[in-house]
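Take a look at this single chain, the form predicted alone, given in structure tokens.
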Amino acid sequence: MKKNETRYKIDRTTEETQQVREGSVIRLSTLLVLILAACSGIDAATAEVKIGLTISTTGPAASLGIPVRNSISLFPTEAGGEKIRWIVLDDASDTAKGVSNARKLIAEENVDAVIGSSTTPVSLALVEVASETRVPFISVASSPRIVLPMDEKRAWMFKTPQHDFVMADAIAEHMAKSGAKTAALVTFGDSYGDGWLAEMTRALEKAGIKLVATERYARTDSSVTGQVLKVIAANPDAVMIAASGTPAALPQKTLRERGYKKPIYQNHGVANTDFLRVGGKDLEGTFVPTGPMLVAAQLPDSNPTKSIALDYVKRYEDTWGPGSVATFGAHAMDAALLLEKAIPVALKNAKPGTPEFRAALRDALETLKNVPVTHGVVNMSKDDHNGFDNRARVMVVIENGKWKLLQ
């Protein structure tokens, strides 16, 4: 059994159970999509490359999807001499809507690839759609289960955010260096939280830190007092909050309100100004592993991503205002940059709008090597559809309401 297969054996049980529930509906819907596409005659070569996006610009994950939507005007408009048209739909942070959007983009717009979605639950549901329609998808959600363990179904899925296990290791290593012997975890009660529970359990054990409490909550909860009181009662040396977007601020504010003064860690799912605004002073001193784009100006000049990240930050903030940039928009920009590299290769083999072009585009994405993007350097392979190494992470601390790079 391969290393990655071992790592995700437990998670697959949960994921596969969820997919079994939705699988029949998705397969029937996808079959209908393909029939409609064939009957309408739209599955023909086009004069432009069409890329669809299904992202969460409303709902609990809106703070993740809005920076993606805001980044679209910064995406490349041509590659290999062909115009690129970007078509965006809002999935409202809802799995069924995300699947519906994907079917719509494929059936009605005849897209050559899809970027999305913003969250792990929606992205996991899209794995089946990508496989059955044979359209390459690039998720901007973080769970490694979107692309691991690699199998026939995931062969059409890629993702740009760093894997959770890369960030989990960074957190556990920082806790250990700070002298922590025990830790607690607070995370979402969905598949996103399942993934983080598995990864933090593994990373803490590796670092010699005992996990003394685990609490779950829903993204839409308005109170987590009960969970926080249980965490405080366990008296951990540090608390890890594995959540995303503004809902991640709730446990931290409650911990501080209840007098917890020890270190708190968040993950890269919170790296935007909305989280800083909602969390306010209760976030001071929080440690966060994140992509290097977030602190691009503080990176050494030798960092291979610095110039690309700075260019994205400047163009984004010139458009949307100083301090508005977020890592989530950069994940989508990285997806666009990868497509910009892969499209010219695919064009040598087929015309846009055809199944042959989609297959060639998938193959081209899978063979990208040493491509610098805003969050690191990408080296794809048949078994690795993320392609990042440890150059895609830095540790930052929140000071005076801003992100500060830890050297």
Partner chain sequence: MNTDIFLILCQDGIVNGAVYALLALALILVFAVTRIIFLPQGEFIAFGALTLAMIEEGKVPPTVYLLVVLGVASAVVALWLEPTKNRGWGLVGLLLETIVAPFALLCLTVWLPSREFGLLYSVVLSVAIVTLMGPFIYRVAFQRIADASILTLLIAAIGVHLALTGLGLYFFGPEGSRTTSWVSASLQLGALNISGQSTWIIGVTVVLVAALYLFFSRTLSGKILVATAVNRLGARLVGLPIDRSGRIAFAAAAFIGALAGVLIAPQTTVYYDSGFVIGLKAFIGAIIAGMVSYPVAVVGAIMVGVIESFSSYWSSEYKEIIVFSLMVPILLWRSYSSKHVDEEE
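Since the structure is predicted, the reported quantities are computational estimates derived from the model, not experimental observations. Residue numbers count along the first chain shown, from 1.
The following text describes the form predicted together with the partner chain, which does not appear among the structures shown.
Engineer: Look at the stretches 364-372, 47-55, 341-349, 62-70 and give the one with heavy atoms within 4.5 Å of the partner chain in the model of the complex.
Structural biologist: Looking at the partner contacts, the answer comes out as 62-70.
Engineer: May I ask you to choose, among Asp274, Glu109, Glu284, Glu132, the residue with a heavy atom within 4.5 Å of the partner chain in the model of the complex?
Structural biologist: Exactly one residue meets the criterion: Asp274.
Engineer: Just one of Thr327, Thr305, Thr246, Ser191 has a heavy atom within 4.5 Å of the partner chain in the model of the complex. Which one?
Structural biologist: Selected option: Thr246.
Engineer: Applying a 4.5 Å heavy atom distance criterion, does Glu82 contact the partner chain in the model of the complex?
Structural biologist: Glu82: no contact with the partner chain in the model of the complex.
Engineer: With the partner left out here, check for me: in the model of the complex, does some heavy atom of Leu229 sit within 4.5 Å of the partner chain?
Structural biologist: Output for Leu229 is yes: heavy atoms within 4.5 Å of the partner chain.
Engineer: In the model of the complex, does Val166 have a heavy atom within 4.5 Å of the partner chain?
Structural biologist: No, Val166 stays farther than 4.5 Å from the partner chain in the model of the complex.
Engineer: Is Lys97 part of the interface with the partner chain in the model of the complex - any heavy atom within 4.5 Å?
Structural biologist: Looking in the model of the complex, residue contacts with the partner chain do not include Lys97, since no heavy atom lies within 4.5 Å.
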